[in-house]
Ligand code: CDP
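Below, in C-alpha cells: the form predicted on its own, a single chain.
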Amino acid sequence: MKPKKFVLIAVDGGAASGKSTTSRAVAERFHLLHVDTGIHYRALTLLFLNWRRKYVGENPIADFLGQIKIETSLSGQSALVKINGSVPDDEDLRSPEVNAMVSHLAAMPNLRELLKGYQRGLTEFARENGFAGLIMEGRDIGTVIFPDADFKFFLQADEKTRAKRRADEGFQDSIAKRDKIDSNRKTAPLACADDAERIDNSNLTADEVVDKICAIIEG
C-alpha cells in the first residue's frame, strides 16, 4: 500500500507507550522510512558517558557537541544513526547507565538543537531512498520537529501497563520519573500537539493500534 503523495507522520508519547512497535508496523504497511528519535538521544548519551571519563576541561557539553558528526545508514525500512562513523550497538544503547542519563541529557537545549536539524533533514533521506513518506517517533515530533506533519498521533497507556512493558523488555528505569523529566523540561517538553489524535492503548493489542492509525491515514 503506497500513499499518492509523500506523507509525513509524527508519533509521540512517553516511555513504553508503544511508539516503536506501532511506527515500525505502519512504516511497513505504507512503505515509509521509520525513524526512532529516542535512539538519537541514546546514542549521544552513550558516547558522552564514554567521552566524559577522559575529559579534563571546563565545558563538557559544549566541547562534546563540537566534535560530533551525525550521519545516517539504512537497515530495511529504518534509519540508523551513525555517530562519528559508527552505528552504536543496540545493547549498549539500552544499558542501565544510558537509561539513567538519557532524559537528563535530552533536556539540554544545545543538544536538542543539534538533533533538530538532523531529524528534519531525514525527509530528504527518505525521498532519496525511494520511500513513500516518513514516520518519526519521539516526544516532540508533532510539536517541534514536524509541527506541519500530515498526521500526528499521541500514544499513551496507564502507568501500570507501561511499567510491565518496560520490565518485559528488560528495563528497570522508572516510568514516572522519566515522564516527569520529559514533561517538565524547558526545551521541547513531552506534550500532545493540539491537532494530534490521542490513542490510549492500555487495553488494545498492537495490531488494533496499527489498524486504527492506518484507517485514519487511509481515510
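Model, not experiment: these values are computed from the prediction. All residue numbers refer to positions in the sequence shown, first residue = 1.
One more form of this protein should be noted, the form predicted in complex with the ligand, which is absent from this view; the next part is about it.
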Exercise. Among 146-154, 181-189, 27-35, 58-66, which stretch sits within 4.5 Å of the ligand in the model of the complex, heavy atoms only?
Worked result: 181-189
Exercise. Every residue in I9, K116 and R127 with a non-hydrogen atom within 4.5 Å of the ligand in the model of the complex?
Worked result: no
Exercise. Is L134 one of the residues lying within 4.5 Å of the ligand in the model of the complex, judged by heavy atom distances?
Worked result: no
Exercise. Using heavy atoms and a 4.5 Å limit, would one call R165 a contact residue for the ligand in the model of the complex?
Worked result: no
For this session: Tell me, yes or no, whether K82 is in contact with the ligand in the model of the complex, where a contact means a heavy atom of each within 4.5 Å.
Result: no
Exercise. Would Y41 sit within 4.5 Å of the ligand in the model of the complex, counting heavy atoms only?
Worked result: yes
Seminar exercise, completed: Within 84-102, the residues having any heavy atom within 4.5 Å of the ligand in the model of the complex are R94, V102
